[in-house]
Structure formats: C-alpha cells, structure tokens
Ligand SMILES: Cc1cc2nc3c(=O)[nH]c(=O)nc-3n(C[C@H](O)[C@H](O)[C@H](O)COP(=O)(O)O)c2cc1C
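A lone chain, given as structure tokens: the form predicted alone.
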Amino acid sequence: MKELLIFYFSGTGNARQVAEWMKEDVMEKGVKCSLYDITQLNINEITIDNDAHIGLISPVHGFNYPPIMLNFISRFKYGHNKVILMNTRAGMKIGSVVTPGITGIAFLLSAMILSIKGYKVIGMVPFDMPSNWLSLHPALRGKAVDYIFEKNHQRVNKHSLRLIKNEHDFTALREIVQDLLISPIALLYYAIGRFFIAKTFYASHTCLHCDMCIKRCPKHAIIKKSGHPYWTFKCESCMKCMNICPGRAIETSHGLVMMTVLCTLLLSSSALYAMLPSIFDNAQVSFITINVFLFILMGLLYRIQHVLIMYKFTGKLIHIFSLTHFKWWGRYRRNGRL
C-alpha cells in the first residue's frame, strides 16, 4: 500500500474517529493517507491514482449502509483500485465484553456495486463503536464509551497493519449467515422504515431557534416550517441533530409512534377492514395495505404534532410522552466531539 484515500460519512463521530485512527496508523508506516467527508465532497472532483487504495466507512443504518453512502458509491467511475469496506455498528459493554452489532447487507451490496464497476474489494471490517441510537435506549455512560473506544482503537491498529501488508481482511464474512438472515429487514428498512423513522424526530417547545440542527444536518433534511424545525423524509436518522442541540430540545416522539401503531392495529382488526374486497385477504396485499396506511398516518400525525408544538399546553404534553426528554436518558458525546 502506497496511498490510502478514506471516504467517510459520520453523524455522531464514530465513523470519523475510526477513519482518523486508521489514517494515523498507516501514516506511521509511511503510507500517504487523505480523509474525505462525503457530505462535503463531489466524487468527480477527486483524482484517484490507479495504485491508490480506497477506504469506505460509514455507520450501519437498518442493517445497511445509509442511502447517502450507497449513492456516493454508485457515483464512483469505473476503476480497478483495491477497496476496503468498513462500518461502525452498535456496540454495547457487558462486563469486559463489547457486544457486536449486525452489518446486514451493507458490505454485500456495496461490494456488488463496486465489483460491477471493476474494483477489487480486499477487506470487509466492522467496528463495534458505542451505540448512539438514542431513540431506542439511553446514552451509554462515559466509562463504557471510553472502554469501547479503547478496544476499537486497538482493533483499528490490528486491521490497519494487515491491510498495509496488502493482506486480505474479510473479518465480516464470519457473520455472513446472520447477515443474510437479516437481509429482508434491511430491505424493508431501506424501502419503508427509514421514512417512518424520519418522522419520529422533532424540536420541542424548549427549542432555542439557534438553527444549529438545520445548518449542520449532513443531508439538509431539516427545514423551517412555521418558524420551527421540521424533519423531512430526507432524514437518515444519523442522530447528529439530537446530539449537537445546545438546548436538548430535539426529541424522539415516542407518543406519536405509539399512537400511529395503535391506530394501525385497530384498523387492521376492525369491522371496516373486514368489509374490504376479498383481495385484501391475501397476506401480501394486506401487508402492503397496512404499511401504506401506517406511513400515511405517521406523516399526517407528524404534521398535526408540528402545529400543536407551538402551543404551550400541547407542547408540554408531547414533550412528556418523549422518553428522550428525561435528563437520565442522556446524549451521546465523547470529549465534546461530534
């Protein structure tokens, strides 16, 4: 390896940290290395020498690379460079063990796209960085985060040395069975789930209107509507907005999710649904119908919620039914960096 170009996408800093560690390791061995944040880059503006290695790293969203990374990969021109695929997954600490996340189809899909374009994938390496999915669980405590970072720093060093020697490193293939089993969920998330989750974020009545979330969103997915931040379907749930908000105003609307799911369940079990034509008795048709209804209802209720947030009483009520507003839920930070 003479040169390594690392392209990364990072919401809360995990993927960027792995990229920086790898850069340090390879440069210590005399390898030229450059980092590129894909949200600030047009791939057509970068000149890639034929003998340069390419590193691609991004968090896993819904057991796949997020659309922003997949779109970036799809815009690569045809070439013959060697490529190393990496990801950051949701790691947790149990005792002295860092539990692994799941890669899903992130590597498999990307490798297929790159292979069609002529590239040679020589590595698939996952890193189980601290889980930052605050919509589902409270932020990990500082000691757990530091421990997981230390363990992953050591792993980055180990894998960097292998790759510098031009050895193949397909560590991820050890988990190929579970990745293939989870693939249907990954496809459903990409097709439907990510749009649903995009509508779970909102800025509460405590919003300072500093517009930091709007300015620093890597997908420009947050806009102002009626003078208040509003999450569009472009949101990829990278969690950056929630973690950088100085007033902790950005929340996950657990109450809205519960209401949407409950209404959908009531519809699917109601006499009204039973009155639909017999074609809706088909399992596939029924599944699609219910999910379309869920999707439409979520979008409608989200718009209504956005209006109600502006009023003091309803704004506080929405706030109370969001677990993320509790102080003990925390926010994901390490040394103040995001």
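Remember, predicted model here, so these are calculated numbers, not experimental data. Note that residue numbering begins at 1 and tracks the sequence as displayed.
Another form, the form predicted in complex with this ligand, is not on view; read the next lines as being about it.
Visitor: For this chain shown on its own, do G55, K82 and S160 all sit within 4.5 Å of this ligand in the predicted complex, going by heavy atoms?
Guide: Looking in the predicted complex, the three residues G55, K82 and S160 all stay beyond 4.5 Å of this ligand (heavy atoms).
Visitor: Quick check for you: of 57-65, 274-282, 24-32, 41-49, which stretch puts a non-hydrogen atom within 4.5 Å of this ligand in the predicted complex?
Guide: Of the options given, it is 57-65.
Visitor: Within a 4.5 Å heavy atom cut-off, is P130 in contact with this ligand in the predicted complex?
Guide: So P130 counts as contacting this ligand.
Visitor: Within 4.5 Å, heavy atoms only: does R89 come near this ligand in the predicted complex?
Guide: Within the cut-off, so yes.
Visitor: Would you check, heavy atoms only and a 4.5 Å threshold, whether C245 touches this ligand in the predicted complex?
Guide: Close contact is absent here: in the predicted complex, C245 is far from this ligand, nothing within 4.5 Å, heavy atoms only.
Visitor: When the contact criterion is heavy atoms within 4.5 Å, does G101 count as touching this ligand in the predicted complex?
Guide: Yes, G101 is a contact residue.
Visitor: So this ligand isn't shown here. In the predicted complex, which residue out of A172, M239, A111, V156 has a non-hydrogen atom within 4.5 Å of it?
Guide: Selected residue: M239.
Visitor: Report the residue, out of F76, Y189, Y147, F196, that has at least one non-hydrogen atom within 4.5 angstroms of this ligand in the predicted complex.
Guide: Of F76, Y189, Y147, F196, the residue with a heavy atom within 4.5 Å of this ligand in the predicted complex is Y189.
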